[in-house]
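One chain comes next, on its own, written as structure tokens: the form predicted on its own.
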């Protein structure tokens, strides 16, 4: 009798994990974070809730893992460096505008931001896994521009990065205005005006 190969447990686990991620991201957009439950995620994913609790302690932890899956590969690429700092920053921030205006992206991001406001551990995880790596790619691009003589030597590139990203985040998170390509183009131009070497 031919031997039957044993089921691949790791592959089955990965399929379940992917289904759970997809379910969490879809459901938070449909019902909101407050009504999101482990039971609902499990039902949508077609798994038992004990499977979810074996891997994650809470719905926030599930959502954080689902939302940040794959971001490491994106950050490893860094920002483009064509030699034109303004063009590179505008290119990336315009794409970020499109992403942040996508309802499928907005729902989990806003949910995690709101949940993190009352959960210090979740907030630290959110910052460490998403915000800080995302900030560092801008820091590295500005540092490269500084080394190329496009940014003044005495500029703190970390602070300069926060000057660039904070107005973006404030406008989107607090809905103080429309998040548009025109806004980020103007933002880049005004920030870079203060970073350039003085004659």
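Since the model is a prediction, treat every value here as computed from it, not as a measurement. Numbering follows the first chain given and starts at 1.
The form predicted together with a further copy of the same chain exists for this protein as well; it is not shown, and the discussion that follows is about that form.
For the options 173, 130, 31, 61, the one in contact with a further copy of the same chain in the predicted bound form, meaning a heavy atom within 4.5 Å, is 173. Using a 4.5 Å heavy atom cutoff, 152, 159 and 191 all lie near a further copy of the same chain in the predicted bound form.
Residues with any non-hydrogen atom within 4.5 angstroms of a further copy of the same chain in the predicted bound form fall in just one of 95-103, 68-76, 111-119, 81-89: 111-119. By the criterion of a heavy atom within 4.5 Å, residue 26 is excluded from the residues contacting a further copy of the same chain in the predicted bound form. In the predicted bound form, at least one heavy atom of residue 169 sits within 4.5 Å of a further copy of the same chain. Contact between residue 163 and a further copy of the same chain in the predicted bound form is found at the 4.5 Å heavy atom cutoff. At least one heavy atom of residue 186 is located within 4.5 Å of a further copy of the same chain in the predicted bound form. Shown without its partner, the chain has 123, 124, 126, 127, 131 in segment 122-136 as residues with a non-hydrogen atom within 4.5 angstroms of a further copy of the same chain in the predicted bound form.
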